[in-house]
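Single chain ahead, written as structure tokens, the form predicted on its own.
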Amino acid sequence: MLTFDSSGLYGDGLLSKEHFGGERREELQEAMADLQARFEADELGFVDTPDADGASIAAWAEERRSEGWTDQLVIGIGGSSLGAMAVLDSALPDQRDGLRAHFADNLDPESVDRLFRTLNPEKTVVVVITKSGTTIETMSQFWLARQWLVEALGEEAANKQIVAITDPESGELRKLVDNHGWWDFDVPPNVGGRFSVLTPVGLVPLALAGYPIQELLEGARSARDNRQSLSESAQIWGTIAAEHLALADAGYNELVMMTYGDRLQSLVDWFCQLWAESLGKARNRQGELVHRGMTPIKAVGVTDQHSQVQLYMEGPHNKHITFLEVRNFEADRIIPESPPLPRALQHLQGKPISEVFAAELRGTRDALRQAGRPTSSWIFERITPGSVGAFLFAWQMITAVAGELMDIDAFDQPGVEMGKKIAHGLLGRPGFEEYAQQGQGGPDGPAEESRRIL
């Protein structure tokens, strides 16, 4: 079970139920209707991703696992890797008893080198994920991986250990698939990267890892189908999105997601990309400069009670803190009663660690509320594939509705595209010379404003 508690968003100086009546309710209904129309026009394919053919992918992955591979090297970045990483990190050991997954997402030279020194090419499947086939970080690392396999095994054998997940018809990677006969899966054309975790982008690496993708999809379907009518959608996803936007309009434009459950930490990383890249936009749909967005911030309880919470309690009133709470853990320990702790700590003895953990969460949340800070909670009865799937789909829907309410396109990323073009220009891609000239600074030397430290 997964529930959302928004009670900490209401009260003196925060939101009121009256805030969502009248004109605002009409705006929400209009936004939901526009979104529904885009779904029906097949523009936004993420709403159909819980219907993915998980059984076929799982069967294919089982065949690959039976061939004796031990590891998979997953090469992708952003939405091509964060979803699978988040789901795998949320899993128990018996939910990932297949191929060990190693994610080559960042392009740090030392990390790249370490991966190839660590893995055995004879036992490793390479999974490359890029819709366009021109992603600099992904294709650079993939070309290294392909050479690594070919040098160790020969080209014919290497081709049998490559899986490509890309556009079904076009793009540079699709051409390579057609030329070399690699295993391949399609990225649905109407699903963007950060909304793709429930497509082969996430499902193939998860299935290879032995994760129960059918249960993940069932959780997402339940979250979607239990809210199938427009009125229910407006009441659930729309209300949550409207609450977040109302807080942002009141100055609370930073959203802290603080997890009290280490298995959910990577899920926060996935959320941060979804929220930031979808809603951080310079222009609205009319082309007007609006510079909209809410900054997502990752926090970990209880660790960040000793680092970030001081700022949340006494710093500027610009943060909404949403907690990820786990009611039941799969393992626990009792603090021993003997020998006795110092008197000031003896009340801890005989208590389960989970009880101490829960008290820390409640203490932090209640203290923030007393300080007049808005809080909300996502409550996982247990961390299961179903609850993780529901969480993923819920936030995709909330993000989509928020984009409609903000009158921005939540499904593009023009700010990211310019950086890619400049990088291609600096690296010498033909036709991108003008972008190279836009690059400033770089490896040629420090700027005039630089101060030498060492």
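Given the structure is predicted, the values throughout are model-derived calculations rather than measurements. Don't overthink the numbering: it's just position in the shown sequence, from 1.
The form predicted in complex with a small molecule exists for this protein as well; it is not shown, and the discussion that follows is about that form.
J.: Given a 4.5 Å cut-off on heavy atoms, tell me which of 132-140, 117-125, 210-218, 95-103 is the interface stretch with the small molecule in the predicted bound form.
T.: Comparing against the small molecule in the predicted bound form, the contact stretch is 132-140.
J.: Using heavy atoms only and a 4.5 Å cut-off, determine which of I77, V112, A358, I236 is in contact with the small molecule in the predicted bound form.
T.: Residue within 4.5 Å of the partner: I77.
J.: With the small molecule left out of view, which of Q273, Q305, S266, S222 would have a heavy atom within 4.5 Å of it in the predicted bound form?
T.: Contact check passes for Q273.
J.: Would the small molecule be touched by all three of H19, E243 and K319 in the predicted bound form, meaning a heavy atom each within 4.5 Å?
T.: Heavy-atom distance to the small molecule in the predicted bound form: none of the three under 4.5 Å.
J.: Would G193 count as touching the small molecule in the predicted bound form under a 4.5 Å heavy atom rule?
T.: Judged by the heavy-atom cut-off of 4.5 Å, G193 is in contact with the small molecule in the predicted bound form.
J.: Please run the contact check for E325 against the small molecule in the predicted bound form: heavy atoms, 4.5 angstroms, yes or no?
T.: Outside the cut-off, so no.
J.: Would you classify Q36 as touching the small molecule in the predicted bound form, given a 4.5 Å non-hydrogen atom cut-off?
T.: Flag for Q36 set to no.
J.: Taking heavy atoms and a 4.5 Å cut-off, does K421 contact the small molecule in the predicted bound form?
T.: Taking the distances in the predicted bound form, the answer for K421 is no, it never comes within 4.5 Å of the small molecule.
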